[in-house]
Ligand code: 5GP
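Next up: just one chain, as structure tokens, the form predicted on its own.
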């Protein structure tokens, strides 16, 4: 049984490293910190390595213990959380590859099963929610600190409980947290509603560039490196902009591009029927049915044409 394997490997390990995907979101950070804190409760120390992350999540318990790199080259056990492909492990795939044993816990449907032990539940709305089962099996109580981290991950990946991936277990867990005195509304506000000034400025720029394509079924917008520099953006200040297009009546797919050194990072969101993970898979990316991303080379118009032409194949 996979859960039994996970417990056995954790019991055996003297050194553990926790890793997650590049450009980490709230689920990646929340699940990593939740597992780090849970291992402490279990009597195991771990290094949680996240080189760079949005400071929005710096309020989470354990965030001050996040490391930018591992303390050693080889660990007894490496655990990857919320990561579908080893290529996305924040440039630190070597820690995972060099570990004596490798565990992967995830919820992406396109997961490549790159661990020695793989625990994937594609029905779960967030990797953080999967940890409820894992920690329960290990006999670790979800205290206020661990629960706060898990909740931040769930809120992020469900868009504040609004996506269809939300399950009955999600609300049962939230109810338990309320009973433990966790301020759910405060976490919701800090994760989803409070915007940095650079994020607000970038949102204005992206809104002014927003285009409606394919009879209003696709929205497209972008920001450049120059925009990012102009507003003095930090990691994560561009998060959430892609949601702007999805909320417009008649839109099925929202496309948001962010310029990087070697092209553009594309973020896609869909409403009803387009599987944007399949769209992104065509460009070496992936994600979820209604939320996915990929990287493309070229200028804005070239990338726009590639993405839109692929989306058009899925439109009804």
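Residue numbers count along the first chain shown, from 1. Only a predicted model underlies this, so the values are computations on that prediction, with no experimental measurement involved.
Here the subject shifts to the form predicted in complex with the named molecule, a form of this protein not shown in this document.
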query: Interface stretch in the model of the complex with the named molecule - options 245-253, 62-70, 39-47, 259-267, non-hydrogen atom within 4.5 Å; finding: 259-267
query: In the model of the complex, residue 297 touching the named molecule (heavy atom, 4.5 Å); finding: no
query: Contact label in the model of the complex: residue 54 to the named molecule, heavy atom within 4.5 Å; finding: no
query: Residue contact check: residue 292 to the named molecule in the model of the complex, 4.5 Å heavy atom; finding: yes
query: Interface membership of residue 88, the named molecule in the model of the complex, 4.5 Å heavy atom rule; finding: yes
query: Partner contacts for 112-150, taking the named molecule in the model of the complex and a 4.5 Å heavy atom cut-off; finding: none
